[in-house]
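One chain comes next, on its own, written as structure tokens: the form predicted on its own.
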């Protein structure tokens, strides 16, 4: 799909569908709406009254113009009160427009960019491009016949008023769309990786995908097998892997910016890469195991994000790591009561084999610290159901060792329009991880389970500023909403890009 820009007479624009964002408290206002209504002799105003279209969120009204004006169809999309509108809401607006166009077998879809002030204009355009790209996302690789519907949309047209293009704003809009295309493509790639069946997206297959990303974006790539990890002493990671017939793969992707700039940092991104989690000997119930192909969403996030960082030219040196494995029950599986020795020498008593993600992450964090000595370290993981209990299915839990870094990360999340919330790391809860036979246990009590998981990971971080992002809720969606489709969401890719790629 290509993007184009139009700021002349939108009433005469030849397009299959033209979408307008309609604020609840500004309904009927705006130069484009009024021009369309005049050209249609008041039809829009009459239909708004007849159909009781109020501009509320999720409301829509579509009419066919029967050749009376340029656009074949007009689509009014409610956005709620204007004062509540955020730039990232335009992702959902553009996604709804793109979906409506696809449903109508349209080749061209136009959406009018609402007027916003100053630098917000570029962000608004970025979100429009992301929404248009992600609203059309479908994982239909395994569908056949009528279930696999073709996507007809070839062009997404950004419509602008004269206010939008004054004083160089057109250039900002074009920059925003170009950035949005790249972010949207990276999010879509993360979704693809998560949505593949676990029998397809094995640790080996994921390592091959990482090599493909490296080739596309001129990254350095390193893949370690079982023997290399044994030499490094990755006792926790390899214990999780030993129950599976699938070989483990430890991945590292590295991006080096072409020029050195003031403030350049070295960043480590660590993603949980459990390609299927049965729970091991602490076997999950069948219903809880159905979607456990998503347990590598953290790895999908960092692999996809580093490609976007390279394409957009982040000024920072970035390394992405993932300890990829399955967690399976077998005669070789690690057991409750086992004592594992981690790569950094700490010993861990196992009291739940279904708390495997923190074990793989612990060794991955140690490796990242030794290999690249980062200035900042972030980990991303579908780590605990307890985080979903606390924050629901749409919000990621954020913990960290450096309050300033946590706040900067949360600021990037707000700008990217991804919901995250700061959770504490209470020292009192460390008591739950005490063991009589090892340095610590791998789980604590039921209460505060997300926090004790964070406390466990902190034991491997040392003095490096660190942020932990628990994606258990938002990594996948059980229904479609706006630019988010059912299945893998690609959550946190947009925030990583927002944090590590400054705007011009």
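The shown structure was predicted, so the numbers you read here are calculated from the model rather than taken from an experiment. Numbering follows the first chain given and starts at 1.
There is also a form predicted in complex with a small molecule; it is not shown, and the following applies to it.
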Of 86, 352, 152, 242, which residue is found within 4.5 angstroms of the small molecule in the model of the complex when only non-hydrogen atoms are counted?
352
Single option in 457, 36, 469, 472 placed near the small molecule in the model of the complex, where near means a heavy atom within 4.5 Å:
472
Run the contact test on 304, 418 and 489 with a 4.5 Å heavy atom cut-off to the small molecule in the model of the complex and return yes or no.
no
Touches the small molecule in the model of the complex: residue 382 (any heavy atom, 4.5 Å):
yes
Does the 4.5 Å heavy atom contact test between residue 292 and the small molecule in the model of the complex come out positive?
yes
With the cut-off set at 4.5 Å between non-hydrogen atoms, does residue 91 touch the small molecule in the model of the complex?
no
Any of the heavy atoms of residue 443 lying within 4.5 Å of the small molecule in the model of the complex?
yes
Within 4.5 Å of the small molecule in the model of the complex by heavy atoms, the stretch out of 242-250, 284-292, 101-109, 425-433 is 284-292
